[in-house]
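Take a look at this single chain in structure tokens; it is the form predicted alone.
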Amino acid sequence: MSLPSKKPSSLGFGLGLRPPHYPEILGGDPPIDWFEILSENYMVPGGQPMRILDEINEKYPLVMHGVSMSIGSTAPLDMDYLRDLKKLAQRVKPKWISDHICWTGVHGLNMHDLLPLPMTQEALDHLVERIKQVQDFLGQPIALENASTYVTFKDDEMTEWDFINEMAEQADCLLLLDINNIYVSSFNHGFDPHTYVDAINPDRVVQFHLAGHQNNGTHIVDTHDHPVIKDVWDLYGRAIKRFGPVSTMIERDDNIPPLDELLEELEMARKIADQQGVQFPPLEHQGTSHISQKMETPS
């Protein structure tokens, strides 16, 4: 299949779906265009979570985002996991499915962390083959996200951005570009985040993540428990100008604030896109106020 010609259209500006916000989402019409769900939270048969998800899915487009595919591991692919993932996708009908460029365990042990891959040709070849297998099984392309990293390998043969571009091209997959993770890794490893953004192939990018982190002075940890900082907003401005109207969302996984606080961050993303002259296409779904389509340039 040739993915660039089938690249999904932009969804606008969204949030990660989190249980504390269920009542406001179901009971009102907050200015949110779409939601990203954590796949593993709903890979269960029936129950209250699925009932709520079905109701939200009637109002909003959804994308599925996972943390347990372990696409870069040398262990065999977990076919039970993939079968459950496919079953959920058949029910939800997400606009796309995503996971991370990482490995999470081996020999049946899940480390519950997004562990880095060496940037080598051997690792690239291994990763590409596994992506193809997953896409064939799911019957659709997947989007893979750059994870934040804290170590590099002495045997690295290429930059992360070159590795990712080659991966996407050879595996014919899509990309989820996490702007905060680029910033975190650039701080930890001493490279220019602008170089990273400028190098990625725009034809493959379908989604942006924006999130907060914990700065420890000597290093940054990607915690998703703080607001987005100015440097990350600035990097997003550069990215949205380069890549155009890419579906953008705020990702918050801990210290989850009231919905209104996240809506303020979402509004910031809209304003930055507008300042950069990026026009998002009209949205096809119902159930939101779609203020992202009516933005005026802020003074």
Partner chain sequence: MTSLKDLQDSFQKALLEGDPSILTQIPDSQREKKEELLGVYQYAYGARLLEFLQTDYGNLHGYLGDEQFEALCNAYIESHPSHTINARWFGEQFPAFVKETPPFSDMAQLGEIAALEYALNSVFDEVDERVLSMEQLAELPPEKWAGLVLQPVTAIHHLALTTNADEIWQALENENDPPALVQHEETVHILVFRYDSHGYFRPMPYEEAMMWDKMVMGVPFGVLCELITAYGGEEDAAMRAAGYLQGWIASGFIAENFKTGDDKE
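Positions refer to the first chain, counted from 1. From a predicted model like this one, the values you see are computed outputs, not experimental measurements.
The following text describes the form predicted in complex with its partner chain, which does not appear among the structures shown.
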Item to check | Options 136-144, 166-174, 196-204, 120-128; stretch whose heavy atom lies within 4.5 Å of its partner chain in the model of the complex | outcome: 120-128
Item to check | Heavy atom within 4.5 Å of its partner chain in the model of the complex - residue from 43, 232, 262, 272 | outcome: 43
Checklist entry - Does every residue of 16, 279 and 283 put a non-hydrogen atom within 4.5 angstroms of its partner chain in the model of the complex? => result no
Checklist entry - in the model of the complex, does residue 219 have a heavy atom within 4.5 Å of its partner chain? => result yes
Next on the checklist: Taking its partner chain as it sits in the model of the complex, is residue 154 near enough to touch it, meaning that at least one heavy atom pair lies within 4.5 angstroms?
Outcome noted: yes
Next on the checklist: Residue-level contact is defined here as any heavy atom of the residue lying within 4.5 Å of its partner chain in the model of the complex; does residue 78 satisfy this criterion?
Outcome noted: yes
Next on the checklist: Using a 4.5 angstroms cut-off on non-hydrogen atoms, would residue 180 count as touching its partner chain in the model of the complex?
Outcome noted: no
Checklist outcome for this item: Looking in the model of the complex, the residues of 62-81 with a heavy atom no more than 4.5 Å from its partner chain, listed in order, are 68, 72, 73, 74, 78, 81
